[in-house]
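One chain comes next, on its own, written as structure tokens: the form predicted on its own.
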């Protein structure tokens, strides 16, 4: 087994342990568990970074020589890495460890699906002609940083709705009592949405430039392009409603949930249900 595959396999279970620590810390209200989740997340992120760099090196040793961003397996691994990187930064800025439940869970799910799904080939493969471009790294990295921020926003939105429901019933004595107050959750949600929107915008721009160099057109209404635009419009509408109309709370949380549903369809649904110019990225 290549060194990178071993490290990335360990990463899968390490993210599961991280999620267990965060969840246990919230359910049993034990700060040490939350601290263990933070340290496990940091260690796993470092281990995954080494695994990605080794996979990059191994592609050169095989004569392919490309960044580990070229197929569904590698994109899932990078998605997990991006989610945890952005979350760890958010945690250190906010000092709110309880927010780690969903990001660590999403990272584990992405890694486990990448590692153990029969539909996904984890072998290092040569680039198909359409991907042989200097725009590959810029486009994939910007898009997935946006997706990762939206995943964290989705988790925060779920926490907001749970906290709102318990607060309205005056029963916030259980695990939800550890969550930040509604105003803080709403602020964190907005920060992640705005951050993700900026990166997704850059991803669409770099993709358009790449498409023009590869296919001679900036926009072809390919299913992936179309759903990326739909996703962008939903988050643009959310930011507009918050900034101009003063929307807060429930409406923003539900729009974030809807937006992340579009992110998932853009990423998975288009690949498996629709055919187009981006179908090469499925395997």
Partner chain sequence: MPQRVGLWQSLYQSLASLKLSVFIFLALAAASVLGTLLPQGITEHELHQNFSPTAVWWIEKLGLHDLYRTGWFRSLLLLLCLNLIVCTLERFPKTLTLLRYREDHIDPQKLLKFAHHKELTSRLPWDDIQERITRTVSKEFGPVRRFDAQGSYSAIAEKGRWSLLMVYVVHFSVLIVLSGALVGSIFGFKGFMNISEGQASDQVMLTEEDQTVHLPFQIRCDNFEASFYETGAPKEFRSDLTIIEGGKESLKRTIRVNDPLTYGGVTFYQSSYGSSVRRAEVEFRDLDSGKTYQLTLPYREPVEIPGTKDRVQAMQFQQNMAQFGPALGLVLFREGLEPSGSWILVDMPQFHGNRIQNYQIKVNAVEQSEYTGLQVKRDPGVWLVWLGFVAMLTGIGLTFYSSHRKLWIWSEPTPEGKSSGKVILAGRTNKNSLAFEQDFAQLCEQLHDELNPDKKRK
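Numbering follows the first chain given and starts at 1. Owing to the predicted nature of the structure, the values given are computational and were not obtained by experimental measurement.
Below, we refer to the form predicted together with the partner chain, which is not included among the displayed structures.
Chemist: For a quick test of understanding: in the predicted complex, does each of 24, 67 and 146 have a heavy atom within 4.5 Å of the partner chain?
Modeler: Checked in the predicted complex: no contact with the partner chain for any of the three.
Chemist: Which one, 237, 35, 257, 53, lies within 4.5 Å of the partner chain in the predicted complex by heavy atoms?
Modeler: Contact with the partner chain in the predicted complex is made by 237 alone.
Chemist: Exactly one stretch in 67 to 75, 152 to 160, 109 to 117, 203 to 211 has heavy atoms within 4.5 Å of the partner chain in the predicted complex; which is it?
Modeler: Stretch 203 to 211 is the one.
Chemist: When the contact criterion is heavy atoms within 4.5 Å, does residue 130 count as touching the partner chain in the predicted complex?
Modeler: Contact check for residue 130: yes, within 4.5 Å of the partner chain in the predicted complex.
Chemist: At the 4.5 Å heavy atom threshold, is residue 187 in contact with the partner chain in the predicted complex?
Modeler: Because a heavy atom of residue 187 falls inside 4.5 Å of the partner chain in the predicted complex, the answer is yes.
Chemist: With a 4.5 Å heavy atom cut-off, would you call residue 197 a contact of the partner chain in the predicted complex?
Modeler: Residue 197: contacts the partner chain in the predicted complex.
Chemist: With a cut-off of 4.5 Å between heavy atoms, is residue 191 one of the residues that contacts the partner chain in the predicted complex?
Modeler: It does: once the partner chain is placed as it appears in the predicted complex, residue 191 has a heavy atom within 4.5 Å of it.
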